[in-house]
Every structure is written in C-alpha cells, then in structure tokens.
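The chain below stands alone and is given in structure tokens; this is the form predicted alone.
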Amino acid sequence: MMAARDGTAAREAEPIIRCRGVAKRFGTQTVLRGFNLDVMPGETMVIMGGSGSGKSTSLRMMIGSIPPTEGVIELFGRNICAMDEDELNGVRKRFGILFQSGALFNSMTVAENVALPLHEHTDLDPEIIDIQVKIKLELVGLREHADKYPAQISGGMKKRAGLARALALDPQILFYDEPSAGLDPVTSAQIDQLIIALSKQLGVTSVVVTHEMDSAFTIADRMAMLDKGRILKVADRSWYEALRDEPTDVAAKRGEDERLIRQFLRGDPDGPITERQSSDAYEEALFGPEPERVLLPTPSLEPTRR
C-alpha cells in the first residue's frame, strides 16, 4: 500500500522493515544501542543525525552488509540476521541501494552499469534488458546519456545513474546513503524531487540517511533522530516542523532530548549539543588526563660540589 505524504495510509499495513533491540559494537566501542524502528510500506523514512551518530551503521545493518551485535532486523517479515549468504542474496534482490558516491563502474557506460544487475540476476533476453535499461534511465532523466562513461557526466548525473541501477530489479525498498552529499543546491533539490516522484509513481518504500535538513523536510513522511547511537525520537515530519519553528522561550522549557533535536534541526550554535562539549573535556581529549603530581624531595640548599 502506498503511503500518503503524511504517512498515515502506510501505517494500516505491517512494517516492511522492523528493527528491535538492535545494538552494534566494534570491539569496546558501542556505535548503536537500543535501536527500535518500524518502516511502513510506501513511506519515506528519513534517518538523521550528526557525524558519528550511528545512522550509516544502521543502514548497513538493514541491508545485511554487517550483522548486529544484538537484536533482530526483519525485512519483508523475515529475520535477515538468521539468514545464510544465499538466503540474504535472495532478499537483496528485492531492494536497491543508492550509495553516497553513486558507486558506478568507470569502465562501463551508464547503460551498462544499469544493465549489470539484470545480467547477473535474471535470465532475460538482451533485447528485453535493453528495453528495461531505457525505461529506468527515462525515470531518472538520463536516457540520452546512456552511452556516456561516468567520467563524462556530472556528480548529480552519477547519482541519478546510480539510482537507475538501484531500480533495475524493480525493488520494493530503496535505501539512500546521503543522496544530497556533495551536490549544489539546485542539483540536490532535483534529487529530492526524484525521490518523491519515484515514491508516488512506483510505490516504493524509501529509507534515506542524511544530515541535510532542507532535503529531509522535503522528502520525509516520518523522521528518526539519532544521537550517539540511540534514537531520540521517531515522528511524523509535521512534529519535527513544529519543534523546529517553536518560539525559543517555549522550546527552552522542553527536555534535553527535544532541545537537542531542535538545535540540530535549526543549526543553532548554542544548545545541548554544544553545552556538552566542555572545555575540560576538550583539553583532556587533546592532551589526555592530567598526570598525577609526584612530590619531589626539596633540593638541598648546600651545594653538592665544591
């Protein structure tokens, strides 16, 4: 079922992605903890947060690139954490990924890049694959650039070509890793409109990892805010808009988590994010903890040498 832009229609169905009690540790470092998230069919879920908040790690676990240390991740009602590689590859054919760089093969034309998943994972005739490639390139506005190589197209066009390749197998879910990163404002806005159009035309579910707030508020049905590996809030876009636009004197009465979210949304220089970066912690990070002072014997007042 395709979501309305407020996300209400999608919630009548079962989640297409369900994360419960997910944690991820690398050695002694905990990157994600207590991660609970439902993504409904047809909606666009934006996962946002600052650098190091755990948003990219959460996406990598949802696509099965890395396993969680704890918890369960379900796609299409199946626990991908319990799957072997063959089973996981079968699930991967049902979703597409737009990587931050586009991740195109430089030795292949745009059309060849888009055709690659079809050659690898289907038994379609070459003529049918050619038609499918043209359809996917037309969806992203690149059909006339099919024979160009990645080095011959712009950064925004590479993103669109990567998106066409992600669409090659007609996925039910699209994952986007920082789709606006490194793009100028106009090109970024074009990518945003393309994400919205694909959701409307194809009914795909979209999970978008980003820290670009203009983009997030444009494309999201719902938004999840991450901070230091934990989810602070999952809510409709309208809730985040209301918090962002709330008068300062009213917002000052909110709890620390909501004030932190508001500072992030607005890009304010002052707030809980910057308050916790105390000068003492900064000095310790630079120079390490202050060494314990050792009292040395008082030097003799008498000369030791004659």
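Treat the numbers as computed from the prediction; the structure is a model and nothing was measured. Note that residue numbering begins at 1 and tracks the sequence as displayed.
The same protein also has a form predicted in complex with a small molecule, omitted here; what follows describes it.
> If you check H145, K158, H211, R92 against the small molecule in the model of the complex, which one has a heavy atom within 4.5 Å?
Spelling it out, the residue with a heavy atom inside the cut-off is H211.
> Heavy atom to heavy atom, is Q263 within 4.5 Å of the small molecule in the model of the complex?
Answer no; every heavy atom of Q263 is more than 4.5 Å from the small molecule in the model of the complex.
> Can you check whether R254 is within 4.5 Å of the small molecule in the model of the complex, heavy atom basis?
R254: no contact with the small molecule in the model of the complex.
> Is V31 one of the residues lying within 4.5 Å of the small molecule in the model of the complex, judged by heavy atom distances?
Although the small molecule is absent here, V31 would touch it in the model of the complex, with heavy atoms inside 4.5 Å.
> Does any part of E178 reach within 4.5 Å of the small molecule in the model of the complex? Heavy atoms only, please.
Result yes; E178 sits at the interface with the small molecule in the model of the complex.
> Can you tell me which of 266-274, 34-42, 245-253, 50-58 lies within 4.5 Å of the small molecule in the model of the complex, counting heavy atoms only?
Correct option: 50-58.
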